[in-house]
Each structure stands twice: as C-alpha cells, then as structure tokens.
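First, one chain by itself in structure tokens, the form predicted alone.
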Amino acid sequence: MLESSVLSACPHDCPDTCVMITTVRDGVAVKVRGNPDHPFTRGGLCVKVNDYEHRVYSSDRILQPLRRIGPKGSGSFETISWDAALAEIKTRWTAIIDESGPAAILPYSYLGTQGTLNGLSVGDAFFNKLGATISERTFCDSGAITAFFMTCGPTAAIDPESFVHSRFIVLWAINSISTNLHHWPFIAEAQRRGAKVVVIDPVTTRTAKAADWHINLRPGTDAALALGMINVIIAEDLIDHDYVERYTVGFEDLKARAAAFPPARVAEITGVAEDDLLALARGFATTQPSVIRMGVAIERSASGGNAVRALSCLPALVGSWRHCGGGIMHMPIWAFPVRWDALSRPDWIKPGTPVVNQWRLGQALTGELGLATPIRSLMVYNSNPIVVAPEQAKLEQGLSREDLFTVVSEQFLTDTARFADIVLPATTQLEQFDVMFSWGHLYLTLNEPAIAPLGEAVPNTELFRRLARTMGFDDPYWAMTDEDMAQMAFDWTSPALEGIDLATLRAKGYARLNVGSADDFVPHREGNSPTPSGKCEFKSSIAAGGNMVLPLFRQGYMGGQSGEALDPLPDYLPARESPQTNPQLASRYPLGMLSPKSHAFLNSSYGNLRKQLHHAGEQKVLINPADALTRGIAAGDVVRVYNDRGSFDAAADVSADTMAGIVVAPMGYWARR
C-alpha cells in the first residue's frame, strides 16, 4: 500500500482560505484534514469541508460530458464523448456568430472556486477573444470595494491576526463564527484579554450571542448609524486632531454632512436607542486600539456603499490607524500582487462590446433588457445562478427557451445544469493545480492535485484550452500549462513575494506575504493611504471627479467600472423598496427578508450533500413572534415565502432572534435535490 500526504487548500469563496493536507492511499484520497502548522487556520476545517473527500467521490458527481435528451429543466441527459460535446458547441456557436455576431453569446461565472487559475477570471481571456458579451460581476462587495477605495485606497489596511491587540472590536454585518470561523479565535483571545466585542446586525446570530454587546438595527440603515457615530465623535470632540490634520482631507465637509445625523434622527431611522449610539461612538473613539470588521452583507442595500464610506472614515477620525490592531478590515486581498490583467486579457475586448450585469441575467434571457444583440447562447461555469441570482421566475423562464443554447461546466447536476443542452464535467480541488490568494488573511497557498481527475473531468484551465482549440484560437496564451499560468499570474518581483516562489510553496504549502508581522503591521500609522491625495479622503476626490476607473475593475477582477460622478461625501439613502420610498409595494409585501450565508453551505455549494444538509436542516424561515401571531403561523408550520420574483416553501422558525417586520431565510438550498 502506498500512502502519501499532499498539500492542499480549500477552494471556496470564503475569507479563511484554509490550508489542508490530503492523505492518499493507492491513488485514492481517503482523508482531508486541516494543516495544524498554519498560523491562521490552525488545523481547523469548517463543517462544509471537513469531509471534502466525500464531495470528491460522491456518486452524484458528473464525470462525463452530457447531452440533453428531455425537456429543459427535466434533468434528462445522455452521456457523450468530449469530442462530440466540443463539436456540438462549435457548430452551435459558429452558427450563432455567423447569424448574430459573437455578442449573442453570454458567459456567466463567479467564484465556485476561488483559485487564481481556475476561479473568477479563468474564462475571461477566451470570451474576450471570442467577442462575447461581457458578464459584469458585481455580486459580492463591488460597491463596498469602490467605497473603501474612495476613502482609504486599495490597501490591506490591517492584519486579521493583529485583532488580538484590539481593545474595542466592532463586527459590523458579519457572522464570523459561521462565515469567517478562523478569525474568531483572534477576536476571542482579545476578548479574554479584556477587549469589548460589539456585533451590529439585524439578527441575533451565533456571533452576536458570543459578543459582549449586540446592537440590533433595521436592515439597510447602517450608513445612518455610522454617520450618527461621526456626529457624536465630532460634537463631543473625541477626534484625534493631529491625525485628522496631517493625514486626512475633507474634515469640515464631513462635519457638515454628519451634522444632519444627530442621535435623535439616527434612532428614528435605525431603531437603535440614542443611549446606545452614544455609548458606541464614545467606546470606539476612546478605547484604543479600536477596530471594525465589515462583512460583505453591509453593501446590499441602496445605502450600502455609503455605509462603507462612512465606516471607512471612522478609524482616521479617532486615530485608530496609529495602533497595531486598530483601523478597519475590509479585504487583505489588496496585499497580493496578482496580475489579473495578464489572466483575463482585457486588451482583447473589442470596442463596443456590450455588457450585461449578472444581477440582470433573468431580464437578459427573457428579452426585457432590450439588448441590441439578444442572447442566444449562455455558458455557465463556477456558478449556479438559479440559486444565487435574483428573479428566480425570470431565470427559469429564460433558461427554458428552446432557442437558447446553454452549456454548463459543473461537478453536480445543479438546478441550473438541469436546463443545459451540454453539461461538461469539472474537477474538484483535489484533482487540480492552483495557487490561492485570500481575502481574509495574508498567506499565499499552493494546492497540489492529490489524485488524478475522476472520469473525464477537467480543470477549468483545461476546459478553456480545449474550447480555444475548438474555436481555432492559436494564441500562445492557450499553450501555457497550469504552472506557466501560475508564473504569469503573480508579480514575483514584488516586495510582498520576496523569497517566495513555487518551489518554496511546494516545500511548505503556504507562505506569509512579506508585509511585516501581525505584531507590527500598522501601514497607516502615518497616513500613507494609497488614494490620489495620499491621505484618508473623508471627501473623495475620485467621486468628485467622476470618470472613475479603479485598478480593481480595470484589471478585470470584478469586471466593471463607473463613469458617473458620485456624491464625494457619505450619506444615507433609504432602501429602494421601503415604506418611505415605495409604499404601494411595501403594502403588498410588508415583510422584508434577509438571506444570510448558511452555516453549512457556501452559497449553493453543498446544498445537495447529505452531511451538510443534516447540519443545515431543512429550509427554514425565521419569523418574529409578533409577525407569526398576526398571520396565524405556529412554529414548524410549512409556509410559502413569495413575491413577484419567485417563491419557496419553508418551515417556520418562530423566534425573537429577528426583529418584527424582518424574516430570515439562509441561502444555498437547491430547489431540486
């Protein structure tokens, strides 16, 4: 019997990017475990991944190309060869291009895997060369990224490990214990040392129950609460005058804007008591180091970007940036010198190529967008839009079109794959090579393939090499091996990667970026903000100037840009479908719904697997006792959750963990499984 241990990494779109070790016996992966030597993930794996070998060897895996033989959505397929699948794709795409042009083809992908090679940008070069319509990816954190850049610039800002030094920790719109589990031990250690942990969330989450203080606010009012904090800090002269004077711009303008948010008004908007607002502002200003950890949920409202901009002003206002463990944590990803442009080849985009935002996929497929070139073919990879995209009814209507040629690359027959004409088998992380960045810590990680691909599954990199050859593309780009791509994907000459290369990664599996230790990582102690002014911009010069193209977007990571001028100061806007802005709609649908990440799923990944379904339980909807009583709903009743965009059935979980007027249904459940 031959046994070996292979260095691996979790592939998922999660800030933890866990480091793994896979035990292989006679060519079979028998156990996946966390690497105990890693300073951040420390050998732990979450419930999603701690039996990853069962995902790899699931009897439900797609291991051969499939061709549809039944009605769309029926899940009826026959197996075919790769040659037959590629030939059909070429025939159908060539006909579409000849008749309507390449813009009639739309790719759709996100972060089903987060690898640098096989992840977000893996198909961009191919579709840019083809001339397909651009799929604009603004699902997750695009608004927050823009807002953070406008205030602080593209900076890693703070090491999550340095939270052990923090004294006042605000977890804003993040359920760390469920969605950022490996950061929690650093927070808990600070708590044991006397730090106060505050959770700001409309729901009493697992993290809220472990905190010292839970502040419950109305969804979508975060910007008002942050501006209220700024109001109090300025009014009570709790600011760090020296830091503000030397390292910020726009203070007087911010002061004038915040004056419109006195505690009484903020309490009315947010539902947070005036005394709580005062205590929060005073605690953050006077208990140093103070720090904010933002979650991605914060951007998902009309005022989400404004909330991030206001929050990003707070550390500079009170001088938190002076201290190790002080500031605001957004995404340490900006420390990784990834060459996104080299991977995605935006230089191949033809002038005038249309763009469709992924939020509007349903409208694009039903013709409601009025595109000059209607979409006649869709290719989905690294995503399951029927579960994760809005307007479920329109998505199913569009995907049911007999004239829509749909190709899906997948590991399982997802709700989306059931509508495909051709399904192509994709590898799991144990069957592919990749290099993993992280948006939650400062370690680069290597993932070596532990086993040969099962059946006829291929990595995404190989999928697009095959498609390129099929469509007659001969650029050297598609002659590169995965290791060639890894060499190209990073700026290995960057100071952050000094002493790090593929050889060193192979020896240990991971390496910390050269940005200083967690005990002395204080990049903005003396300003040094990577903004146009070099300072924290309370009043954004980027926004005021308009015509904004941020580096993130230009390099193709998210795939979008903004060309309109924005308010240079943070503000609060009520939710677009609130009683204040749309009373007629609010009267039809009086309950708001939050759809947070599940504890057991990662978006829709694992929504079909037995162990994770057991941990998640059946689909539930959390409803406040007052709302349940009004509707005659008892705990355990099966209820229909619906609006004019879609519907699902769920068991009622009656609890005061959610406020009146708000129901909570974790995302990730499949409609069919």
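Nothing here was measured: the structure is a model prediction, and the numbers come from that model. Position 1 is the first residue in the sequence shown; the rest follow in order.
The form predicted together with a small molecule exists for this protein as well; it is not shown, and the discussion that follows is about that form.
**Q** Is residue 414 near the small molecule? Define near as a heavy atom within 4.5 Å, in the model of the complex.
**A** Yes, residue 414 is a contact residue.
**Q** Does residue 300 make contact with the small molecule in the model of the complex, using a 4.5 Å heavy atom cut-off?
**A** Residue 300: yes, in contact with the small molecule in the model of the complex.
**Q** Does residue 604 make contact with the small molecule in the model of the complex, using a 4.5 Å heavy atom cut-off?
**A** Because a heavy atom of residue 604 falls inside 4.5 Å of the small molecule in the model of the complex, the answer is yes.
**Q** Does residue 336 reach the small molecule in the model of the complex, with heavy atoms at most 4.5 Å apart?
**A** Outside the cut-off, so no.
**Q** Give a yes or no on whether each residue among 170, 250 and 270 has a heavy atom within 4.5 Å of the small molecule in the model of the complex.
**A** Looking in the model of the complex, the three residues 170, 250 and 270 all stay beyond 4.5 Å of the small molecule (heavy atoms).
**Q** So which stretch, 502 to 510, 108 to 116, 281 to 289, 154 to 162, is the one near the small molecule in the model of the complex (non-hydrogen atoms, 4.5 Å)?
**A** Selected range: 108 to 116.
**Q** Within 4.5 Å, heavy atoms only, which of 432, 344, 406, 142 is in contact with the small molecule in the model of the complex?
**A** Filtering the options by heavy-atom distance leaves 432.
**Q** Considering non-hydrogen atoms and a 4.5 Å limit, which listed residue (392, 175, 79, 128) is close to the small molecule in the model of the complex?
**A** Spelling it out, the residue with a heavy atom inside the cut-off is 175.
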